[in-house]
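Let us start with two forms of the same protein chain, each given on its own as structure tokens and named structure 1 and structure 2.
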Structure 1
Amino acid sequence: MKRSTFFAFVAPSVVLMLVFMAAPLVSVLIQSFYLTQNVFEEVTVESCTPGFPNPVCTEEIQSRRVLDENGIPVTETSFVGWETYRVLLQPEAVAEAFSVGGGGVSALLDIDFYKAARFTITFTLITLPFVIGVGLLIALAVNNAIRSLRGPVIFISLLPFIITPVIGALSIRWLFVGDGILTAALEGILNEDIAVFAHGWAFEILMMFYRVWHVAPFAFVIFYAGLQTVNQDTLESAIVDGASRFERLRYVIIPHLMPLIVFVALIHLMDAYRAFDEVIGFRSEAHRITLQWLTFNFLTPDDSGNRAISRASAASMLTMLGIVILLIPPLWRTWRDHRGR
């Protein structure tokens, strides 16, 4: 292919990536080093009691936002460098937590960032093998089913992936919250009151279950397509040699699907590390939060109308750094396999 032809094909994608990915990323990085706040002024406010003819008047000093001629709050921006990251990571509190009598890991997890990071990493790494495993099992079951059953099974298997994420999370939550159907059933079986959402671990299990239930159909579609390209001669040779079903799966099918398994792992790691819908759907803010939800919370105006944009930007950059770290092993494997060919 000529160089000019190559650049003609690649240039549109490169331009779009620079405009919609690189530029916003650089903007967020820059914003993490600057602090923007509303400007306040102190004014004296006089208030009088409704007495006549001698009302009692008092004066008090109040703070209020400064507005420009258009009624828009005036803000000021200052360069704070790495201070935003220090406030977010709180190294002093971390050192105190691991000092003698500091509380250790439990004290560390009282800090919002580490609380969110712990659950995000756990959520991502625990659901990954289940997504791959469940998706592969469904693909194998459909591939071995009789032709007349494949269509209905594929349709039913894809339903969780079609449902809007927040709606799916709310649906599962309604099964257990208060006197939900499953909570009422458990109370009838165990003959005692059950409050599922009074415990953080219950939120965690249900959120992980929902993620696997919602994403496994995506893995199933990818693996099912890959199973259609398995070399049948190799499978028949393995059967003739006396290989069991498990041995054929281990030594023939899984090695053939390994590039697709790595692909699904990459997609899941990037998507699960940015988990947000689960926190909103299950309303788990008091027990479990994610890094993406923490960024959203920083962008929510406080009582004075300020948004913690610098901390939200810093949290976004740290979230992206975490995604990159998680992607290194599968990317390294892909690069190594490519070089070995």
Structure 2
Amino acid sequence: MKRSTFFAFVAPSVVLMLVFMAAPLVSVLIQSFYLTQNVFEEVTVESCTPGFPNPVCTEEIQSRRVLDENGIPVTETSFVGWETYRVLLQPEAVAEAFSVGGGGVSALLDIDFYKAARFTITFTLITLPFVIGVGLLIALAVNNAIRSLRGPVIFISLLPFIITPVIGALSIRWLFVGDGILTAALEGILNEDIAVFAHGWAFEILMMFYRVWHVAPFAFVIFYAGLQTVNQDTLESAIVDGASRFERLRYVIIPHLMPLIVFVALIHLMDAYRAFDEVIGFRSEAHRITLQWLTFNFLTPDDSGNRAISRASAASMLTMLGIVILLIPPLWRTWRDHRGR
């Protein structure tokens, strides 16, 4: 292909990526170093609200935003450097937690950011092997199923992946909530009152279970496609050499699927680190939060319309940094393999 043709074809996607991915990213990065504050003035206000039988009027000093001559609130934006990151990461509190007489790890996990990071990282790393393992198992099972059954089996195994994540999480919550079907059944068998969602660890296990259930079909589809390209001659010669089923899997199939396993791992690390739907669906805010939820919480306006844009920006930059760090090992491996060829 001529160079100019290549650029003509690629240009639209490059432009779109710059506009919709690079530019927002840069703007979030910049926002995380700036702080926009409102300007308040203190005014004594008499306000009346409904009461019985007469309205209740109170006089109080209120902070009110200063409006300019056009009636638009005045704001001040200033460069604060790493200040927002410091507020989020609280290095002093961390140092104190690990100094003599500090609270140690439990004091560290009391800080929202570390609490969220702790759960997000364990969530990501523990689900990863399960997603790959379960996906591979389903793929092998389907591959060995009778041809006429394959279509329906593939269809059924793909279902969890089709369900919208929040809805999937919600349905698992409903199964296990106070009077959910499964809890009621367990209570019937064990004859005692069970409250699954009163325990942090129960949230943790169910959230991970949900994620594996949801994502394994994706791994399965990829691996199943990979299985169709396994060299049959190699397999047959392995059988002739007396390799058992497990040895064929270990020395022929898995090496063949390795690039795909790395690919699935990459995608899963990126997705799981951004876990968010589980927190909403399971209502786990009291027990377990994720980094993405933390960003969401900063961005959600309260009743009075306040939002923490700077902290939200800093939290998203830190989330992105976390993903990049997690992705380095698999990317390194891919690059090495690529160079080796």
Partner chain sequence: MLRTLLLASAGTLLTTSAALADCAFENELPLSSLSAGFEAWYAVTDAMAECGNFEAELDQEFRTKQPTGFAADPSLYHIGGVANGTLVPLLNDGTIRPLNDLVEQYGQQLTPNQLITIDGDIMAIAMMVNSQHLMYRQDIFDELGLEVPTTYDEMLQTAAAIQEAGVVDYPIGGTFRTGWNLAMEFINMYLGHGGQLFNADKTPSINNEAGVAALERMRALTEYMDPEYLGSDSTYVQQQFQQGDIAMAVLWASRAGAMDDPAESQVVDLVTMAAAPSAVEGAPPASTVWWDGIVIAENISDEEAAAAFQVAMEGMDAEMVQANNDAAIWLIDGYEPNRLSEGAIANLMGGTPPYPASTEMGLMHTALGDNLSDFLIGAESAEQALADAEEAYLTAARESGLVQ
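The shown structure was predicted, so the numbers you read here are calculated from the model rather than taken from an experiment. Here the rigid core means the biggest group of C-alpha atoms that line up within 1.5 Å when the two forms are laid on top of each other. Along the sequence of structure 1, residues get numbers from 1 upward.
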| property | result |
| --- | --- |
| Panel number for the form predicted together with the partner chain | 2 |
| Ile280: Cα shift of 2 Å or greater between the two structures (core-aligned) | no |
| Did Val26 shift 2 Å or more between the two structures, C-alpha, core superposed | no |
| After superposing on the core, C-alpha shift for Val45 between the two structures in angstrom | 2.5 |
| Core-referenced Cα shift (Å), Thr58, between the two structures | 8.4 |
